[in-house]
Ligand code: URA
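Quick heads-up: it's one chain on its own, the form predicted on its own, in structure tokens.
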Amino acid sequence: MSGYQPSLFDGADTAGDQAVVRFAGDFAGWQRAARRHLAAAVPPEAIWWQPAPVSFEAESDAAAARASERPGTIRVPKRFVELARAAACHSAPDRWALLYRLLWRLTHGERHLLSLAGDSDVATVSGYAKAVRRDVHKMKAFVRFRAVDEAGYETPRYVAWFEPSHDIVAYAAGFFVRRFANMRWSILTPERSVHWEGEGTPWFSPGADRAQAPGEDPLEMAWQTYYESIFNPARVKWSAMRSEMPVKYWKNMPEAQLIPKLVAGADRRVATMEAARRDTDTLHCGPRPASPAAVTEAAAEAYPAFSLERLAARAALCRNCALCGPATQTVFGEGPVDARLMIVGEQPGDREDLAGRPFVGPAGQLLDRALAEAGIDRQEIYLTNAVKHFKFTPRGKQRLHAKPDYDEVRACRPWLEAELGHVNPATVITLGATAARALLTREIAVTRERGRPIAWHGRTLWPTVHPSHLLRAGETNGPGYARFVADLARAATE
């Protein structure tokens, strides 16, 4: 230590026998300071680390700053860099000194230090990194975007409020940039906020107040209805639920408002489900309307020849697969016979099966909203499904959606082909993988091929996701929904 002079280093002064090292309080700032002091052979016990507030402007340019640095001669395992980058986000005030002590030991003869899980320094830093990564996981899972109109922009900005336990906003920003690359969004937290404009690099700003985030969204009622319908009381483990979804996040999650009520009624609902399993005489469950009047061949023939009405009446007689038994009725397509745009979904849901019309349930309501935002009039398009009967699994009084298999899709294909022949649309939008496969007769990765036109038998086919996918993912107002609207708009105009 006799040759060490703190004044040689930027931001260093003395406090007794220690050098006070002041640095930008993030990983990049610590990394630069640690390299300088390590190169000068300054031992850990001789440094008092004093982080300064991070400049949000500087943080936005952190990647460029790191790229401009000349490579040093310090060699450490890649695992240490990854561990340190995560642990640096922890709220513990001793993290900077601890990281430098690990760095010093790694470069002074303890090359295999990180393999010693029982070492106190390694164990503590690993615990910090684990806590940070868990906090990031919660942020990815529980951020809920809400649309906000912004002056000067045709499309809304999507704003979310989140309260992390550690300083993870910059650490987690890359995930949200990749996941919602085509949207403009902001994530507000008490300590700092991150913003993305759809291009360039994300930028950061000081922390915000909960009041600056938007409140309830009009579509949240539909999302709550969907969440309630998929809630399985037989799998409720209250302690595990609170561990994986801590109560602190509930106030920002629309579906969480239902959890106390759903949990309170879980035992009763499980008993009802068990009773229903013992009664296996019929697959029909739940309140059902009176069966529609039986359609006969003669009644079908009463409609004009080569009309959609006759086609729908004949489809009501279909017995090509076993789905006609448990379903209430055939749900045929609807829309003008001269529609230039046809939308094909997977199959009718519970609401559609009871009503006898396509897309009238929660997914249909979301589709209606998306169509309106895309500038498409539902009355001018033809809506149908690849499968015309509702396939479900009975659970007490509920009927849970079950994906149709290949034979059931193939059995319904003649009706879909007949609809295409009658309507003769120039453009077909397929919602989900089942609908795309029904027409293309091949598997398709919708998430990869969505939004790309496919030339198909003289028509243009546009694959995209099904609205129910957005409901399950909780993206009824976020970037995922906006991309769905963009898919619809592009298919309708190009």
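Quantities reported herein were computed from a predicted structural model and do not represent experimental measurements. Start at 1 with the first residue shown and count on from there.
Just so you know, the form predicted together with ligand URA exists too; it's not on screen, but the next bit is about it.
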Exercise. So in the model of the complex, does Tyr128 come within 4.5 Å of ligand URA, heavy atom to heavy atom?
Worked result: no
Exercise. Might Pro164 be said to contact ligand URA in the model of the complex, defining contact as any heavy atom within 4.5 Å?
Worked result: no
For this session: Spell out, yes or no, whether the shortest heavy atom distance between Glu408 and ligand URA in the model of the complex is within 4.5 Å.
Result: no
For this session: Tell me, yes or no, whether Pro358 is in contact with ligand URA in the model of the complex, where a contact means a heavy atom of each within 4.5 Å.
Result: yes
Seminar exercise, completed: Of the candidate stretches 76-84, 97-105, 333-341, 349-357, the one with residues having heavy atoms within 4.5 Å of ligand URA in the model of the complex is 349-357
For this session: Identify, from the list Met139, Ala147, Ala312, Ala363, the residue with a heavy atom within 4.5 Å of ligand URA in the model of the complex.
Result: Ala363
Exercise. Considering only 444-467, what residues come within 4.5 Å of ligand URA in the model of the complex, judged by heavy atoms?
Worked result: His466
